[in-house]
Structure formats: C-alpha cells, structure tokens
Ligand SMILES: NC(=O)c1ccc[n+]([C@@H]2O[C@H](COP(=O)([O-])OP(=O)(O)OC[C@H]3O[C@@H](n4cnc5c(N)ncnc54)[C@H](O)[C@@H]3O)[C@@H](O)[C@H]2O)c1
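Quick setup: one chain, the form predicted alone, written in structure tokens, and binding and motion questions come after.
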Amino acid sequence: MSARPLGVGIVGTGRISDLHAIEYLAHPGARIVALCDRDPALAAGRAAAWGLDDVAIEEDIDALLARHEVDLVEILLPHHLHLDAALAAIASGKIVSLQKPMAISLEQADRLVDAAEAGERPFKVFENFVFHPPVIRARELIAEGAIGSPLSIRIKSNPGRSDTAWEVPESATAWRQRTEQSGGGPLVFDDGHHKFALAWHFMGEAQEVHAFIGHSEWEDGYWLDAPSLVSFRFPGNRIGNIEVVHSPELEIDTRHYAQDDRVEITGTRGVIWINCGHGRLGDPPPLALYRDGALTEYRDLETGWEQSFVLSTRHFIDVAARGGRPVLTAREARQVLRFALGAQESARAGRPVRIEVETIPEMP
C-alpha cells in the first residue's frame, strides 16, 4: 500500500455516485478528496451525505484534474461525455475508472483503447455485475468443472415496479432517452452493458449476434427498448441470448432499480442459475446448481447489488496500489461494447451481424 491513501476525485455526483462512493469511503487505502459537478450544490449535498467536510468542490473537470492531491478519477458522466473526459484524465496522468459503456461508437472506443494502453497509469471501465457475489461463486463453480463445459447462457432482464426502489432524478432518465447522448436504448444498450459483460464473462467473445429490439411507451412520455431479444453464437458451437421484458405491474423487491435479473448457464454436465441482480422476485436461492440428479442451493451469499460496486472498486484500489490488471480493461470493454453495437446493427438491418473476435487474456 502507498504511504498515503489514494486521493479520489469523483466527476459527476448523480444518483449512481452513492454506490461508487461506498468503498472509497470505507477503504483505508483511499480517500475522496474532490468532487466535480456542473451543479455544485448537488456535489455539496453528496459531500454532506457522505460525511465529507474537507472535500474540494469543482464545477469544471480540468480544475479537478489540476489538483495534485487527486490520484484517481472516477468518471460518472452521461455516455456522450465519456471520451473527452477520459482522454483528459489519462493525459493528466491520473488513474482512471470510467463509467460504462466506455463510449458510444467503436471509433471513440478505439481512441480510448490507444490512449489507455499508451498511458502509464491503470485504466478501467467500471463494470460491477461480474463482481456480484453470486456471479463470482458461479464462475468459481464452472472453473471447478461443476457443470462440465458451458454450452449456453440465457440472461433475463425484467424491469417492473417497486415500492422500495430508490428515487431516480428525472434528469438522469431524460438524457438516457436521447440516443445521441446515450448511444442507444436504456435497457438493451445502457443497462444491457451488464448483460453483455456477463455473456462475455462466462462464454467469451461472441462471433455473431442476431437481435430484435422493440419499442414501447413507458410513462410520462418516456420509452423503453422492450420487448427485445438478442441472441449470440460463440466459437465452439455454443449459444446464448439476452431477453428484455418490461412488466409494468410486476412488483420487485429492491433497494435500487426496479428490475430483476436472472441467468441460466447450461453445460455438458449440469446447470447453474443466478437468481438476483438489481433486485429479486420472492426468495429463491441466489445461486443454484443442478448436477448428477441433485439440486444444490447456495443461500449464504451476499446479494445486495451494492456489493458488486464495493468489490469492483476494492479490486481496482488494489490494482492501483499493488499492480495487476483491472477489470474491465479498455480492450475488454471495447469487446463488450461491440456486443451491444452489433445488436443494434442487427436490429436495424434485420439480419445476423458478424463480430470480430479479438483474443484477450482471461480475467485473473
């Protein structure tokens, strides 16, 4: 560990920053020293809520990057602002964690990959679902051979309603409705990043994607890209799909977004089910394994969605202090983005789309 805690600057203090801040506030190797938002009152409110009485508040990212006490920058901005903010942070010599998706086009992604790989400091695109405790345990079981060789993955994304969900500001919803800013729909492209990352995490890189992306009215004039179905072919005669369905009257148990996420991975010998994500339906086991005629339930796992943020951030703090490879690297994040953009291209063209497969080292 370094002689002093990493000085952390958070750029963008919207709703999601509460989850990103948890581990920085708790970890002895990090300290939040600066916040940046075009609305300084919002940043000051976050500082007060987090118990920070000596944090700097800036309205301009360049002013935050100029601060010598800032070692690591957490960028939590709308998608269309990612490229310029990340390039500036890399150029300033900061350690960078960039909110997903890394960019809204492959051209932008390529520029970020080049800059990140040329830089001397760690760079990650933040992805939390691969750090969710049930996902971590599922990957361990698969590595141990619990289901044999994985043959397929099925991912269900099911937003609904919830009396226990947190409040999301209208401004956070509004920009996601504008595809020139968001890069795509709120479910298949934005939240879909988590699902595409899970498909990559368990099955590797897809070689072909075929998608139907729907459109439905939501509320207050907003729209959702649902119902949708995205299917994949992976090398080795393996397959997968992501199904997105909006159930407006489905009550979901959650402290965050009103959404349930379920994953089924089938192998040559068994099947694994992951039964929770943003929220959950009822009280199923967070993880279940069927093999050799027996069902094993794993109920002693942390299931709070916030735990995935804590563990993702903890891993990156360790990488920044001791070295190693962050998750997701810029190049890994580019492949996840290629999944999402391939789905959009397929839906527009009404045909399968081939995806360039790029060999990337496995996650440590």
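The model shown is predicted, which means the values in this text are computed figures rather than measured ones. One rule holds for the numbers: they count along the sequence shown, beginning at 1.
The same protein also has a form predicted in complex with this ligand, omitted here; what follows describes it.
Across the proposed site, Gly160, Ala226 and Leu229 without exception lack any heavy atom within 4.5 Å of this ligand in the predicted complex.
Though the partner is left out of this view, Leu81 does reach within 4.5 Å of this ligand in the predicted complex, counting heavy atoms only. Using a 4.5 angstroms limit between non-hydrogen atoms, Tyr257 touches this ligand in the predicted complex. Taking the partner from the other structure, this ligand in the predicted complex has a heavy atom within 4.5 Å of a heavy atom of Leu42.
Among heavy atoms of Ile16, some come within 4.5 Å of this ligand in the predicted complex.
Only one of His201, Lys94, Arg176, Arg280 lies close to this ligand in the predicted complex, with a heavy atom inside 4.5 Å, and it is Arg176. Contact with this ligand in the predicted complex, judged by any heavy atom within 4.5 Å, is made by just one of Arg325, Arg314, Arg38, Arg67: Arg38. With the partner omitted here, the stretch from 292-300, 315-323, 49-57, 29-37 that lies within 4.5 Å of this ligand by heavy atoms in the predicted complex is 29-37. Looking at 280-303, no residue comes within 4.5 Å of this ligand in the predicted complex, counting any heavy atom.
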